[in-house]
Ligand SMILES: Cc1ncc(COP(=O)(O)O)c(C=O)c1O
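Taking the form predicted alone, here's one chain by itself in structure tokens.
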């Protein structure tokens, strides 16, 4: 049987391939965006898990939009307007897939930051979107270039990760958030705000979401993988009801609904009196690990490598002297350090030479050792 044309456009995830190689116990993996397993709130989940069998309705088919009590809780938690809706998804990745399948025709223009989240590029390539990359700096996208892009290309969507960006770890300042929202309103471009790392702030002040400045011109993706566990596979997408209804229809054809017992477990976690302290503990742990990696990476500055400070999230973006980042990543893997080369985060164009480094799933000792091994390779560039 012949493969469908969209499938032939899909590329394997380099990160998934790296993670497979990183299973070697002698490899220190800074490649994946993996939370530390010790942060999984197993004790907080136990009371709800013990009660699951008392409600047999949780083991029946359920509504596509999501477990009613969880949907209601999230509506209040995120203070959604009455004319907005929220759809529970199987991870926020599914939310992005639903948006693409419901709203993107082959050839439609979609703006992405450059570099951008690899998973977004995979989804958009599958639906044959025409991706328009916008270079970003330490304050987010270049606003003049972004406006010119909106005028010239008239894109349907602008997808971005304003809080602790994947892969760079940077966050947009308030002025950029307001300016981007204003541009989306002016040129009627839907802003898709992906916020999986937003709860992981360990320093600085929490800023309003971009979508708060253009609520009726935005869709918001949220994930609980970083504060609950990735294996639960629960996310959410919210926005104006007339945009969420088509996503519900597409999800019906995809998987009917996300797991009801897992949704009930998440609700129990979110309502647990110890949940907020759990999130604070996770942020504190990651703050310490980031500090270790940041300080270690300073030793690479003599080789022309630099990082921008971050205020949260899971990633550091290490810029390098001009090089073949794929070759460098493979050489580092041979030396026992798994990283992700910058080239995988660019769509159809050459980007800056850099490595994305994850610090949340390695001990302080491993982080220091990883940088020592990296130094032995990078000094030869």
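Numbering follows the first chain given and starts at 1. Treat the numbers as computed from the prediction; the structure is a model and nothing was measured.
FYI, the form predicted together with this ligand isn't displayed, but the following is about it.
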query: Using a 4.5 Å cut on heavy atoms, which of 290, 150, 243, 197 is close to this ligand in the predicted complex?
result: 197
message: Looking at 307, 136, 166, 171 here, can you tell me which has any non-hydrogen atom within 4.5 angstroms of this ligand in the predicted complex?
response: 166
- prompt: Where does this ligand sit in the predicted complex: which of 271-279, 140-148, 87-95, 181-189, heavy atoms within 4.5 Å?
  reply: 87-95
- request: Please run the contact check for residue 117 against this ligand in the predicted complex: heavy atoms, 4.5 angstroms, yes or no?
  value: yes
message: Just checking whether residue 233 would be counted as a contact of this ligand in the predicted complex - the rule being heavy atoms within 4.5 angstroms.
response: yes
query: Might residue 211 be said to contact this ligand in the predicted complex, defining contact as any heavy atom within 4.5 Å?
result: no
field: Proximity of residue 158 to this ligand in the predicted complex, heavy atoms at 4.5 Å
entry: no
task: Counting only non-hydrogen atoms and a 4.5 Å cut-off, give the residues of 211-232 close to this ligand in the predicted complex.
output: 223, 225, 226
